[in-house]
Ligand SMILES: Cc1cc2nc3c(=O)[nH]c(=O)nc-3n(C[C@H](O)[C@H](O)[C@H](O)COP(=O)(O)OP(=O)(O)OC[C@H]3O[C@@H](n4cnc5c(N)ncnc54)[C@H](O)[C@@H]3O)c2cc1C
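Shown next as structure tokens: one chain only, the form predicted on its own.
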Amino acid sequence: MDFSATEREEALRAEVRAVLAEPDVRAELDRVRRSSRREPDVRPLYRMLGRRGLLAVSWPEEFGGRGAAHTEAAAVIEELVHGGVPDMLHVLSVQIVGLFLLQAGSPEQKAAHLPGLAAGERFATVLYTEPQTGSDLASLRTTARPDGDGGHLLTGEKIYGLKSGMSDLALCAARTREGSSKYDGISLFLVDLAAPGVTRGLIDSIADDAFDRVVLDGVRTGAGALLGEEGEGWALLSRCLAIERTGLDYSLKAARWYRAALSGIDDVARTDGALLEEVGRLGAAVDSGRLLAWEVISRLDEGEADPTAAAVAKYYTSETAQEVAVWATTGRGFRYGAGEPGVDEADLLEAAYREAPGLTLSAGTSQIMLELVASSAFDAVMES
């Protein structure tokens, strides 16, 4: 892959920087940064970016995008994050649910949901994990039964999701029937989070982004909520998870935290050979993670994500981000030597330390990623 930036990517990056410098956008971004709330409401900021066409540039114009390449969209996302725009709600709404709808949604589902997501007027999240199932999504217990009117009634409990309180829509996995294996009979639905029977709550967490608990009590979905064929959701779920695991969000966290840590290293510490070795090693890991993520994203432009490459990228970037956060706040980064990072950088690193433990669990644990890679290698040997 050629990792050099194209003229289009550079132009989009310049446009993002110009938009973030506009007075009203700047003021809204400052409000989010200075908010005393644990999870500041980023939706007004997203709406500003949506009106300027910067949330979903890779989507077709008919759905609110610009028809740009996925790599060009990644350049926009990188620049937004570099500018301080919180990315979690964008990752969920646009990069996961929206992108999956583009690939697997019906024409009616795309027309109904994508324009609102691209404009920042509506937001989405995912509801996968359940109590007692952990990362084994195939063991989910949430049921979806026909309601006699073409739709389904969903009943179950989902945990460890994010941003459901700010979201209008959820991509939800549920079991529509028992199959010959635990992978059979799973279906995917688009659930209106304001529908009767939906209860949204929080689970205590040390990270700023709180985990959610969403209870579904006979939630009626409507006839057009089923994604793909009933009972064939596992294959779709695998595709969706591959899209979720490009590693871009983790690589951006690692890079941001690494830069913040470097700001606390002073001239005295610069003579410490052991410290410089760690700075070099982690810097190389951060850059390598970014290249892995961009390689996965470039394959999206060729069709769809390679699940094995995505697993490698997710594993490497999340492990690297976690290592950088721990290093920056304990051993030799934050408060090392006579120098200290600025207030904003110190706050960022403190939040990073609290967020880091969850990075290698979300979107599939590191153990699951290694299993996917090993299984792919085994299959390749058996086929040769």
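This one's a predicted model, so the numbers in the text were calculated from it and none came from an experiment. All residue numbers are counted from 1 along the displayed sequence.
The form predicted together with this ligand is left out here; the points below concern that form.
Only one segment in the set 275-283, 186-194, 219-227, 155-163 has residues whose heavy atoms sit within 4.5 Å of this ligand in the predicted complex; it is 155-163. Put simply, of Thr129, Ser263, Thr143, Ser298 only one has a heavy atom within 4.5 Å of this ligand in the predicted complex, and it is Thr129. The candidate spot formed by Phe211, Gly358 and Leu361 is fully in contact with this ligand in the predicted complex: every one of the three has a heavy atom within 4.5 Å. The closest non-hydrogen atom of Val19 lies beyond 4.5 Å of this ligand in the predicted complex. In the predicted complex, this ligand lies farther than 4.5 Å from every heavy atom of Val373. Using a 4.5 angstroms limit between non-hydrogen atoms, Cys240 is distant from this ligand in the predicted complex. Using a 4.5 angstroms threshold between heavy atoms, Leu252 stays clear of this ligand in the predicted complex.
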